[in-house]
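Just the one chain here, the form predicted alone, laid out as structure tokens.
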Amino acid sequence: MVITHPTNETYLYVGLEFDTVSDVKDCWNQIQTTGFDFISIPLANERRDCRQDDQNNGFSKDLLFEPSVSSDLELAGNIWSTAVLGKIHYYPSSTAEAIPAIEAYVRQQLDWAQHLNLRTSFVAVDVCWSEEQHIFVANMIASALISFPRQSICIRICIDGTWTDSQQNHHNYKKVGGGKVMHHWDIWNLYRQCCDYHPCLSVALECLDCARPSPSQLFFQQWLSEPVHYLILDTKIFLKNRQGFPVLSKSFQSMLSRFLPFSVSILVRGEARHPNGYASYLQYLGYLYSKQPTMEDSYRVEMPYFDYLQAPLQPLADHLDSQTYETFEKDPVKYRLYEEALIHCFQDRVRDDNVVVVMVLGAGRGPLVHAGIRASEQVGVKNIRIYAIEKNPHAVRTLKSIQRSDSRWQQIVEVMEEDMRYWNAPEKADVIVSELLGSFGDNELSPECLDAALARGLLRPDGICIPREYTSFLCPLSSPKLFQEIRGYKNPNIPSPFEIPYVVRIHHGQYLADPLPCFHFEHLPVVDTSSHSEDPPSSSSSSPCRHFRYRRLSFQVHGPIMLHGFAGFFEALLYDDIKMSTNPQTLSHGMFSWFPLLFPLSHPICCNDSECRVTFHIWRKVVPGKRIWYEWMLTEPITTPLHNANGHCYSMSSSTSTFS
């Protein structure tokens, strides 16, 4: 019985673990009766394999594998593949004589799991092992992932000791047998790096006996960006309420609620400590899941795009399609903010019956035109003329269709199929409005377009440009998921997928520091303009220095954590104090038109220190009239190669599309 959220239409899968299997059919019937979704069983019959041999450093040279189930016919094929997880049994050792036998024993289990078509097999690791023992097991798993490409392996790590760890004592390892005992996250990081970020490797966090955890912010920063597929809860961590039913402490509920949005599954293990058996635990977990907050509408819209890499739009060089326009137009917050800015602008500036001239540069299918009309009606502007300037001929057809069918448009809207950079306007505007902003503010070439239009004298000396100014922001990002996605990105025309910025709704990722301001652009009226011509103005707007930018940003990152790139945002001042922002610290709540712009690093960087200084350099380079591109690199904690040097992997074209 899959647990379903009452309003979110999301699901929680809960399984039950069996330490031994005498009859797998009985195990399956038990979870069918109680309502669990899957089971976890040992792959090997531990009672039948060879015991320790004291004469051979504690291990026998011959480990004989016998399956824990007698036959694959015990369950139907679809049950094995969808509802059964395996547990790999093995003896950890770094003794050279024992390693071949242990590896062969593990391979036999994985071979059996692959025959059963199990989706995942668990490998439990002990936090008390030495680093050398972990390296031995990590080596074994890395080889297995190559030998068994259809098998997924999940590393089980007990995190009970995490609650008392702090940044200060993170590296104060205990000594056992002369070797250091590693921290929980460092253990996982060793396995993940040894396996080279293999997509079939995941992690399960196991809670055995700590009923009242107190996880630090570092704990969540480390684990919420990792591929945590399972939370394993021992029945010992459940408390009893007044009626004697199992419940989790408030602190555990809080921790659980941080992981549930990432589609983790829960595995219950241990002895049932309630008269109703395991059903009481399942019922309680279902109750907790039903209390999860209801999703906001913007979150629902964003879900299909979670961690999905997209190339940034180039509306100047390419024509946007209808679906892209439709997606943008569904954003209620963006156009409400633009309308609010126009209302305030009209209230401040309209003093008589003179005609107010508004130019919408890059009108698309008309949402800003509609906003301008509504704003003028609310303020009571009697005389208004709106120019809708759009270079995309397909969008122009839509604008003219609206004009033919809407009487208000017929009275006040002029549709112009023009490129704003070259348009000879019949009159000057009181207000220019544009939504050319990209995910990083300037990455859809708003500076080049608006400055060229202003240099042609489209705006009165006392006119207003909306937006007036905007600033991009950057912060360091940890996201193993996005690193894997970028590494798997295939395009024969791109030398390196790590030297391209991507638009992405970051879900499996953590921001490691507060965003810092990067590039700033401001658009003010140009008082003295050259005479109108058919060519772009030869003013400062065409100078490579005007739109060239460079910034050096330094962040303090709390480690240990892996750094995979930098996330870019923007803040825009529309008018007066009306702002529009994708910066997480000043976010315009509910707006989904722009996802962050990701600047990846070609290799993950380990920020090992509790206070690690990260210094990032980024350039915005320009060849006027041809292309614009970003270059970026690190100089702390290590120096990386320059990414996208001379725009050899990615650039933004500033030439107009010739398609019609």
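All residue numbers are counted from 1 along the displayed sequence. Everything numeric here is computed off the predicted structure, so don't read it as measured data.
Omitted from view is the form predicted together with another copy of the chain, to which the following refers.
Another copy of the chain is not shown here, and in the predicted bound form it never comes within 4.5 Å of any heavy atom of residue 117. In the predicted bound form, another copy of the chain sits within 4.5 Å of a heavy atom of residue 135.
For residue 100, a non-hydrogen atom is located within 4.5 Å of another copy of the chain in the predicted bound form, even though that partner is not displayed. Taking the partner from the other structure, another copy of the chain in the predicted bound form has no heavy atom within 4.5 Å of any heavy atom of residue 485. Scanning 299, 220, 287, 550 against another copy of the chain in the predicted bound form with a 4.5 Å heavy atom cut-off leaves one residue, 550. A heavy atom within 4.5 Å of another copy of the chain in the predicted bound form is found for exactly one of 139, 324, 586, 276: 139. The stretch among 619-627, 591-599, 33-41, 64-72 whose residues place heavy atoms within 4.5 Å of another copy of the chain in the predicted bound form is 619-627. Although the partner is absent from the chain shown here, none of 205, 512 and 579 has a heavy atom within 4.5 Å of another copy of the chain in the predicted bound form. If you take 619-636 and check each residue for a heavy atom within 4.5 Å of another copy of the chain in the predicted bound form, you get 619, 621, 631, 633, 635, in sequence order.
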